[in-house]
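To begin, one chain is listed below as structure tokens, in the form predicted alone.
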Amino acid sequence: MSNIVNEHVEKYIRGLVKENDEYFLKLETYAEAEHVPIIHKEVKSLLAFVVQSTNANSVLEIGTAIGYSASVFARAMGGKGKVTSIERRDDYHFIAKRNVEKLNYETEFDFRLGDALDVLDEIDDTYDIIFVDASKGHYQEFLDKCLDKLNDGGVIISDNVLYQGMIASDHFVLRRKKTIVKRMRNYLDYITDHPDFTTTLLPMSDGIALSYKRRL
């Protein structure tokens, strides 16, 4: 249980999210067996909803892992568009590249290997959606480097922002996590008060922040 959503409600919601695509089922099985963190089923539905409701055709992702969420974005864009994804682990980077080759989509995948704080400085493109799902202690730094990479009317999706409930209550905070919790709280204060964004927090999965960049 995540301390965010009642476990019975969480189980029920996830049971409603059906997946019949063999490609995604294999990735889910692999992730569970190898203890690779991937997005939960309800988050997968949310990502697809945001893509399709905004007619997005370009995504920048911070935190590739094995390419699961990158593949979700690609499918939501109808197998077209562009997904740029950054990963600092060599093994995940190469597994992700190998995985998406099996999709046979027209999507332009651009996988970048390295620390996101460095790689973001090398990216000049702009995107309709930016998905932040990497080192929790660096979300605000990621945001600062992404501000000019998000199109007006675009959305930043920040995953795990309630961090097992620790962000909302000191009662749940583990001593070794105090620095991460402090930084994430600062990030949420920063983005909810930012003049360029309208932000809402969703108490689902491990917490999601949706930040809409207002059109000038």
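What you see is a predicted model, and the numbers here were worked out from it, not measured in a lab. Numbers follow the displayed sequence, beginning with 1.
Although it is not shown, the form predicted together with a small molecule is what the next lines describe.
Just one of I86, L143, V100, M77 comes within 4.5 Å of the small molecule in the model of the complex, counting any heavy atom, and that one is I86. Interface residue among L150, I38, V161, V181 relative to the small molecule in the model of the complex, by the heavy atom within 4.5 Å criterion: I38. The candidate stretches are 55-63, 182-190, 163-171, 150-158, and the one lying within 4.5 Å of the small molecule in the model of the complex by heavy atoms is 55-63. Here the marked residues V50, F109 and I129 all miss the small molecule in the model of the complex; none has a heavy atom within 4.5 angstroms.
The small molecule in the model of the complex is approached by S69, whose closest heavy atom lies within 4.5 angstroms of it. For A116, a non-hydrogen atom is located within 4.5 Å of the small molecule in the model of the complex, even though that partner is not displayed. Heavy atoms of F94 never reach within 4.5 Å of the small molecule in the model of the complex, leaving it off the interface.
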